[in-house]
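Shown below, as structure tokens, is a lone chain in the form predicted on its own; questions about how it binds or moves come after it.
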């Protein structure tokens, strides 16, 4: 009997998204809550509400009047009085500041800009696969040796920082997203994200602007010739490191996990290039990695749940994507699903500005893996470990590389 089945744990009243059991069994928990208690609650992290239905998630995400985005990562250390900019604009920004801060970043994530990054992304994928195949290991950890490196290198290239800083990025992500608040006061200042960004900006200020995102932000001037505030540049860089890496490697990892278990889907992608765009969208729907958060501005009632002002609410886009009220045959993976308005990138004013980048990385990572390693399977299904927190994806993914049939 799994923990989910045991009557001692009722996720409706003891919800905690950082619990290991939740990470391993999230889809089953979403289905259970949606049917009997659509808005769950738990006292962890100072109290958190968890709406599981598509309609509720959509309504909250689109409501900037009654909810603030100044806190998007649940922690017992709740942000206050940071609106309208927040600590990582535009994702933490409220109107009216939000629109301008988002507009500044959009050129870096346009289709044309992302297209220029694709060759280097393919090169990265093939370098990683070269190392895997050169090792002659039949069993490899696809998360550790492949998925977690791809977005790290892409983001490092975009920012213009050394690719070897990737290990530090992963450390920051683990602390902030997987175990929020756990390390507070227990980390040397020089090992924090704040220190890393501060030192990077100090160093960049001593030399001419480079043709990268940091250079763009530092050189930006508004119509009146004013530069961006230092805290906005700082927040933009922090956002890209935290939100642009873990999210994508989780989506890639979950996709490889799925394809390891579904040979027909692998063959369809390999043999039918026309299905690839649909497959990418369905992988994003079915394995959406990101759950965002909001803070209520006022008292309210949602599906019978009495929300108080300043309460945390999670926005589980992955749960919304499996709601049968929103998607036909929602609990099944349909590789060529035609109607697929999923919420993997959120919705409303905070819909992910980096969606073009994430799609490209996911598509390229899958294409190159299946081109080089068309036949593989899970080596130890019980050994797959999913991350806790607000971004869910495989952190350990042991697969066995097979000879082609």
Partner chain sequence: MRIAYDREKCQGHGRCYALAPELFDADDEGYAIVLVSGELTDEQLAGAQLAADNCPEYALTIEP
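Residue numbers count along the first chain shown, from 1. What you see is a predicted model; the values in this text were computed from it and never measured.
Separately, the form predicted together with its partner chain exists; it is not shown, and the next lines address it.
- The candidate stretches are 124 to 132, 244 to 252, 273 to 281, 84 to 92, and the one lying within 4.5 Å of its partner chain in the predicted bound form by heavy atoms is 273 to 281.
- Highlighted residues 38, 46 and 310: none comes within 4.5 Å of its partner chain in the predicted bound form, counting any heavy atom.
- This chain is drawn without its partner chain; in the predicted bound form, the residue among 219, 261, 110, 226 with a heavy atom within 4.5 Å of it is 110.
- Out of the listed residues 116, 103, 267, 202, 103 is the one that sits within 4.5 Å of its partner chain in the predicted bound form by at least one heavy atom.
- Among residues of the shown chain, residue 370 is not one whose heavy atoms approach its partner chain to within 4.5 Å in the predicted bound form.
- Mapping the unseen interface onto this chain, residue 42 falls outside it, with no heavy atom inside 4.5 Å of its partner chain in the predicted bound form.
- Interface membership of residue 379, defined by any non-hydrogen atom within 4.5 Å of its partner chain in the predicted bound form, is ruled out.
- In the predicted bound form, residue 349 approaches its partner chain with a heavy atom inside 4.5 Å.
- Looking at 336 to 366, the residues that come within 4.5 Å of its partner chain in the predicted bound form, counting any heavy atom, are 338, 339, 340, 341, 342, 346, 347, 348, 349, 351, 355, 356, 359.
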